[in-house]
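The data below hold one chain only, encoded as structure tokens and taken in the form predicted alone.
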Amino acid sequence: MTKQYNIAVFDGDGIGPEIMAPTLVVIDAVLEKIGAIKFKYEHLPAGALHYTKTGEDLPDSSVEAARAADAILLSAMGLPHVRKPDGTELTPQIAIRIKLGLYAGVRPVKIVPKQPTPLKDPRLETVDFVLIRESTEGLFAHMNEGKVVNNEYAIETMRITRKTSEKLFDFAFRLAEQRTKKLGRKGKVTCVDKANVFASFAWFRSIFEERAKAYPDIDHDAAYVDAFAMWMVQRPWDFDVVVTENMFGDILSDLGAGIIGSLGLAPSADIGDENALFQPCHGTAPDIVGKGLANPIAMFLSSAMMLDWMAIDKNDPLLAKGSEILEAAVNKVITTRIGLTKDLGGDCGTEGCTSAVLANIAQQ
């Protein structure tokens, strides 16, 4: 009997639709390969372009439809020239995290053999850690409430709560347990903060230490964010699961993308108690829209993360197999450079990369 899952799809802005369309084709090829599973896609309106037409960038109806889905796929969103009256860019991808309580932002930092990276060290091929960014609080919790007072000073508010922090740390330790089983090595969680300067971060770390006691088989330590940023460059192979506040995670996740060679290789997930959303880390690249040059790899890998999460959430091991097939197909493009896009030093565009991934899926 064939199982059906409902996937909410946000096509995005700029190159968003150009990488989402082939992603759905690739997912369907994986499902056909494993058999017994089908996805029904519901395309939901949101984004900067939708804002120019309607005056809203994230309709309530889209949020509720996403909430009811089994998983959410979201492509790149926002356009630099489309801004709110206060001059800031539209960020529906952030708003939906807060509305759905997607507190755990998962950003893998993994290097496969022959992957192009600006760092040079033979140990780089062992780099495989995950950055967990709290995605609903920190400096983003009141992002629409900042004030400039009399053109003399500005105020932003950071908010950290015990409830969300406890859930975040538990998520990080559970992920470390899962990775221990999968990778066959002892897990470790590192808390990154600025506990030496700010009371909020000292409290954040104290909650981390409390929750660590519930996971005695997982090692844990902590680091200040400035030192950790340096260590990410000097010795990224030393880390397993890293957990941090929203703004620090926003910055460090892009540093992680730099380590692996490109934002075009960087997938992500935002996971809550009831819902999970998967999207590439890169932007909408309006300068290459319509040219067939968009790199779909981060979107493909985000979809593999979706399948892996659904395998656990839906207790469906076939989806885990699908995730493995899709990730292996993408990794083969990276290691062989057959199907690699021009931004990564290859000679293909979106269509050529997609064809190579589909061929790799068929060969498995």
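Residue indices: 1-based, along the sequence shown. Note that the coordinates shown come from a computational prediction; the quantities given were computed from them, not determined experimentally.
Just so you know, the form predicted in complex with a small molecule exists too; it's not on screen, but the next bit is about it.
Note on contacts: among D254, E166, D121, D238, the single residue with a heavy atom within 4.5 Å of the small molecule in the model of the complex is D254.
Between the small molecule and the residues L139, A202, I288, A222, the one pair within 4.5 Å by heavy atoms in the model of the complex involves I288.
Using a 4.5 angstroms threshold between heavy atoms, E351 stays clear of the small molecule in the model of the complex. In the model of the complex, S303 stays away from the small molecule, with no heavy atom inside 4.5 Å. Shown alone here, L277 lies farther than 4.5 Å from the small molecule in the model of the complex, counting heavy atoms only.
When contacts are judged by a 4.5 Å heavy atom cut-off, G264 counts as touching the small molecule in the model of the complex. Heavy atoms within 4.5 Å of the small molecule in the model of the complex are found in one stretch of 156-164, 181-189, 256-264, 139-147, which is 256-264.
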